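Before any questions on binding or motion, here is one chain by itself as structure tokens, the form predicted on its own.
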Amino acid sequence: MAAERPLRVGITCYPSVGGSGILASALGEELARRGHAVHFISYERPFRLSAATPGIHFHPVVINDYELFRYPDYTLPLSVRMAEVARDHALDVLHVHYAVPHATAAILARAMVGTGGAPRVVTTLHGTDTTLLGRDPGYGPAIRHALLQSDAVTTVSAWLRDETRRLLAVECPIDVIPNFFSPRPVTRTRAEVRAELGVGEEPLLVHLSNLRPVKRFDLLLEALARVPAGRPWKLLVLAGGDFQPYAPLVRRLGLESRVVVRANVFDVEDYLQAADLGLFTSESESFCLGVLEAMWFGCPSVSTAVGGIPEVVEDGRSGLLVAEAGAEPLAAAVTALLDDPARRRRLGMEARRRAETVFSAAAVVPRYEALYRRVLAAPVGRS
């Protein structure tokens, strides 16, 4: 049988630091490495997208601030740019990450291209586009319409699939394709990174996120303040958002000497390979890419047992899940692993094994390729 031809895929995501943009960037790079042509369409180049990968193209969206509009519009310029790129490069698929406004723009772009050469639309939901905006009467109906008109819809966890169906009342098929992580080679040794951070032999905890309120970084700090005195540790915060609002709390809790912050880090791998334990205290998560990124480096995590996290971490096997999202239970779990390095290493070894076998590019990216080919073989859109 003849080999299947390479695909031409357009990808739109939020380019700022965040799980959806990081996943979309990694997917684009992996597709390009497999011989597909990948076209990113956004208002700026995604934060974690490598400029060195052959087969990657970037098409900026120009946003005009007309006085006629009280707020600048992004959806319409994005849809026009999507349609232009789809026509000029004969795209097979427009894969949009995050429903608002990307899915709506893609549906409009498909209509502008016309049935003769219109790309298929694949919408991937990452979390708050369902759990937050899906509840909003000003967005929910538009999101539901975009999902019903997409040629395929995916979510990054079974939990998010079920929440999407419950909140938006959509009966269309939803494929669950989890996040993956493809770590880049580290450029510095563990010892070099720990020296830079001022860390000696003490365990190094790590937290990486965009520090939005849902991440409950305040709870994380409160939990660490309750770790019994005498345990040596430091916390590294790889912040994709503004850390300054939390600085007063750090001072009030007396943690100034314990907390080290690095903002908008591109090469997270250097820091993750120097860490010993992750800590994630979100009140809601569709997946939690940060947990997976740490797992790849044999770094187990203490995490709140919310949303899709239990689909990533096997409690007591590849990390610890805390059912009660209070400071005391979290502190107890952290203390248990600080006091038991052997158990921490066992959890880390299993975390690494699980990341490599279940959440690797080799395991996940072919599922997206199969999905693209499936929708290309089917009629356009859903009624």
Ligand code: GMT
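Please read these numbers as outputs of a predicted model, since none were measured by experiment. The first residue of the shown sequence is 1; numbering continues from there.
Same protein, other form: the form predicted in complex with the named molecule, not shown, and the subject of what follows.
The named molecule is not shown here, and in the predicted bound form it never comes within 4.5 Å of any heavy atom of Pro119. Among heavy atoms of His126, some come within 4.5 Å of the named molecule in the predicted bound form. In the predicted bound form, Thr281 stays away from the named molecule, with no heavy atom inside 4.5 Å. The named molecule is not drawn, but in the predicted bound form it has a heavy atom within 4.5 Å of Asn179. Heavy atoms within 4.5 Å of the named molecule in the predicted bound form are found in one stretch of 285 to 293, 77 to 85, 189 to 197, 143 to 151, which is 285 to 293. This chain appears without its partner; in the predicted bound form, the one residue of Val214, Ala263, Ala111, Leu167 with a heavy atom within 4.5 Å of the named molecule is Val214. Every residue in the set Ser20, Tyr98 and Val156 has a non-hydrogen atom no more than 4.5 Å from the named molecule in the predicted bound form. Using a 4.5 Å cut-off on any heavy atom, the one residue of 196 to 210 that reaches the named molecule in the predicted bound form is Asn210.
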